[in-house]
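For reference, the chain that follows is the form predicted on its own, supplied as structure tokens.
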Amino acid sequence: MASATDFRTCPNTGLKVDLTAERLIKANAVAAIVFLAIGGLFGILVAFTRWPAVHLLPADWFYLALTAHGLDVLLVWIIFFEIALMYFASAVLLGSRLAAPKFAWAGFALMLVGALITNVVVLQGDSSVMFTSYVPMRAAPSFYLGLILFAVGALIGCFVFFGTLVVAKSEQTYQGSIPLVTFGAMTAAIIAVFTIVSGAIILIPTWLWSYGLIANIDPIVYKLVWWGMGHSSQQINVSAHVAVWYAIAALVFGAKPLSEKVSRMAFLMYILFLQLASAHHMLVEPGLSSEWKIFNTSYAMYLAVVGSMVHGMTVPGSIEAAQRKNGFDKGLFEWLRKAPWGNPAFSGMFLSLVMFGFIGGISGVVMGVEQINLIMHNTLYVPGHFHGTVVAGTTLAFMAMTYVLVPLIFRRELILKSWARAQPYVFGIGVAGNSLFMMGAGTLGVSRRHWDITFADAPLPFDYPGAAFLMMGLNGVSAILALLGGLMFVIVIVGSVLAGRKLAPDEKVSLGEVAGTGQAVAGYGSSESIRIPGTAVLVAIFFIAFVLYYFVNWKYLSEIWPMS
């Protein structure tokens, strides 16, 4: 049992904060932001090389940068931050001590060492196998070893999270069910265990194969098991950033879920069905049956889509209900117009929600259809979709949450507040452009794995439509905006942590900027009477966009694949 001196009391929430958990949250968050900066720099090199007018890097450096970019932004930055979120959602939100802090620090050390090893090996130039590292391409043994060490460290972090839930329950630091945000983090942790085990099943034999101890690894088996890690790691992100949406809605507005039971059921659907979306990376493989492909990417995957649609309604719906109860009840959208758009925690969260739904979500479902997937799988449409989910969705949500963690956990006041207010918009516009323009280029057939879309060195000439080159130029401009937004974020956060005014132990911070009339509006936003007309209109717009885009792609398929 920890002593009273091992805790501080949060002046905002009144919760006890385990100081060991606080230090671990700080360490994981700082490591996350460092690798985000590194991965972002590699990303701009990739974008400038794909921009035909610039075409910055030669082929070998391009694939090196692409490998490092995928590694650092799709795995390292995000999982470090998710571990920080898990400790926040367990020890801090439940007012509990952290279980097994020595194991938690050991897990952090393994993650850090593993990430550093793999980055160094990639920079040495012998392991440019890209994020997927498909066999029979062979990286240096240390490449796989670094990934294994990182995965083991993350797995330890998940077990510490589960242990902390047990400690909180046994020591009765909370009453009733765990909070919804903690439930979302638990969903992410459960999916993370599946993800990491999948990675171990395939990466350990591949590591031995790189030493020559195993003669052969079947490429289809490798892809099937690897995507159990590669895509499911993005499902950890979805669960975690949805939990962040709920957390920021509660902290900024005091918003409560319209129905906790429905929201929890939506998270449960993630656990049961979300990993099935991994199959959309296998739809062009000849070694798998059509029945397997159709079941995984149609009937079963749609259940996970329903879960996301529930969150997509309940999060803005809870904000609308809270705003209307604060007196912002004129018309359909006063609640939204008078939301605190100058608060980077809210603006980042809401932009994340909208972009994840309209860009990442719609494109993901369309790409998950077996027939449509055939015309876009090996094009830039796929990384365009990734940028709509992992960057516009997850990264922007995590940035928004960081603006909350700096005063609450680091106990520092933000510097450059005007930069902080502008940063989500600069970054959000940039990554939305990246996603849309890459998907546009992919629709026109631009390859996602070739370093030169002009094919200047090809013995036989080939030209994409002129619009494809325009799309790649606009993608380059968007990448500059995204880089600028990322640099603004790193400067504001790192500067605040190092030089921001230190908050007094009992000093409260303002996480919300809502200043309504305080007049309660009866009948809005409860499980008994869900009256959220503004959100209902937004959901209707989403469904219309979804249906139209879905059928446009079928029309496109019919034009390039005529039947006689």
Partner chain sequence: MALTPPSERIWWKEPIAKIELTWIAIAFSWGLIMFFMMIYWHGAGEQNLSNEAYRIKPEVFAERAQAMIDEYTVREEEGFPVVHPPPGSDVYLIARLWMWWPILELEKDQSYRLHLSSMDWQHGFSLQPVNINIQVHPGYDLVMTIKPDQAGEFGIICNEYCGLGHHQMVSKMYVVE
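These numbers were taken from a predicted model, which means no experiment stands behind them. Residue numbers count along the first chain shown, from 1.
The form predicted together with the partner chain is left out here; the points below concern that form.
Chemist: Heavy atom within 4.5 Å of the partner chain in the model of the complex: which of 416, 436, 130, 167 fits that? Just give me the one.
Modeler: Of 416, 436, 130, 167, the residue with a heavy atom within 4.5 Å of the partner chain in the model of the complex is 130.
Chemist: Name the single residue among 207, 464, 194, 425 that comes within 4.5 Å of the partner chain in the model of the complex, judging by heavy atoms.
Modeler: In short, 464.
Chemist: Would you point out which of 197 to 205, 217 to 225, 230 to 238, 154 to 162 contains residues with a non-hydrogen atom within 4.5 Å of the partner chain in the model of the complex?
Modeler: Answer to the contact question: 217 to 225.
Chemist: According to a 4.5 angstroms non-hydrogen atom cut-off, is residue 334 in contact with the partner chain in the model of the complex?
Modeler: No, residue 334 is distant from the partner.
Chemist: Wondering, does residue 507 line up within 4.5 Å of the partner chain in the model of the complex on heavy atoms?
Modeler: Heavy-atom contact with the partner chain at 4.5 Å: absent for residue 507.
Chemist: Considering non-hydrogen atoms and a 4.5 Å limit, does the partner chain approach residue 378 in the model of the complex?
Modeler: It does: once the partner chain is placed as it appears in the model of the complex, residue 378 has a heavy atom within 4.5 Å of it.
Chemist: Quick check on residue 174: any heavy atom within 4.5 Å of the partner chain in the model of the complex?
Modeler: Output for residue 174 is yes: heavy atoms within 4.5 Å of the partner chain.
Chemist: Pull the contact list for 231 to 267: residues with a heavy atom within 4.5 Å of the partner chain in the model of the complex, in sequence order.
Modeler: Sequence-ordered list: 246, 247, 250, 251, 254, 255, 256, 257, 258, 259, 260, 261, 262, 264.
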